[in-house]
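One chain is shown next in structure tokens, namely the form predicted on its own.
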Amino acid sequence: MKLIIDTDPGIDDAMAIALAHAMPEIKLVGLTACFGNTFAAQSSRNARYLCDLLGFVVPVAEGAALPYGETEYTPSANVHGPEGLGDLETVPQIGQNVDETAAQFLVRMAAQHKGELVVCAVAPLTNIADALALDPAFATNIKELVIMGGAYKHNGNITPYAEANIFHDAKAADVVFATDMPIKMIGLDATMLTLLTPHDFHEVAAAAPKIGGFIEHISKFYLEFYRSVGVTNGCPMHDATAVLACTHPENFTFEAVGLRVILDGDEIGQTVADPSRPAVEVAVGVQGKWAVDLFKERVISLG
């Protein structure tokens, strides 16, 4: 499977990128960076740093810095840390971004790998909406868009109604859900079933000191955030769960439903059913223990 991850690293993004690199089913052909957990420039820097840490080279293209129609954006440093990777205070600048925007890179790669490319979007959907605006054929050139975002029957995690990736650019998300591209939405209904405990992180670190140790280190900040909001038994592997949906959809339960995104009021960012929209495969469940066990197994294989 040829895969691009559209990302805003991000602690759980780091876990997703590590997992994708460790999956023999996946050929990563690039990373596109967006604002979200961090500012856009931090996102692309972190993506390049993670590639170097993991020991592989792929193009990194920096994309949207702001949500549609907005003039400023401030990340939630309390969730992922001021630099996006827990309590790391400095992240080195390694390599350079490609000389294309994320949207340009996505459009070019989708055309080059027509019918083969899966895009796993684990950030706000601004880069995806920008790619559609740049070339509407992007919707039919890609094989599938797998989104980590949204909450269908589950409560939100940034407001009572909205999941964070959708909330951070509700307008872009609504544009994406209005298209007829093949979409899987892996939202909180599934990802909150995939909790990694401190023991899980310690087990991975003990077996794989370099990569597992790094993931355990940055996870402590994330675990503490979840404890602060009442999730005391671990942290969900949101973005890694979306990667697993790319390769193992048979271990998820899906409902086909059209979606729209509420664009104003207290419920802004909520993903709600709209039968007039093209059907999206919405994950309403996943085999949680399988997901956690496979994540651990594959990351341990990285050493």
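In this text, residue numbers run from 1 along the sequence as written. This one's a predicted model, so the numbers in the text were calculated from it and none came from an experiment.
There is another form of this protein, the form predicted in complex with ligand RIB, and it is not shown here; the text below is about that form.
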query: Ligand RIB in the predicted complex: contacted by all of Asp8, Asp12 and Val122, heavy atom 4.5 Å; finding: yes
query: Contact label in the predicted complex: Arg48 to ligand RIB, heavy atom within 4.5 Å; finding: no
query: Ligand RIB contact in the predicted complex: Thr32, any heavy atom under 4.5 Å; finding: no
query: Contact test in the predicted complex: Asn157 vs ligand RIB, heavy atoms, 4.5 Å; finding: yes
query: Contact label in the predicted complex: Met148 to ligand RIB, heavy atom within 4.5 Å; finding: yes
query: One stretch from 49-57, 259-267, 236-244, 274-282 that, in the predicted complex, holds residues within 4.5 Å of ligand RIB by heavy atom; finding: 236-244
query: Proximity to ligand RIB in the predicted complex, single hit among Val118, Ala139, Ile218, Ala164 (heavy atom within 4.5 Å); finding: Ala164
query: Residues within 4.5 Å of ligand RIB in the predicted complex, restricted to 36-72 and counted by heavy atom; finding: Asn37
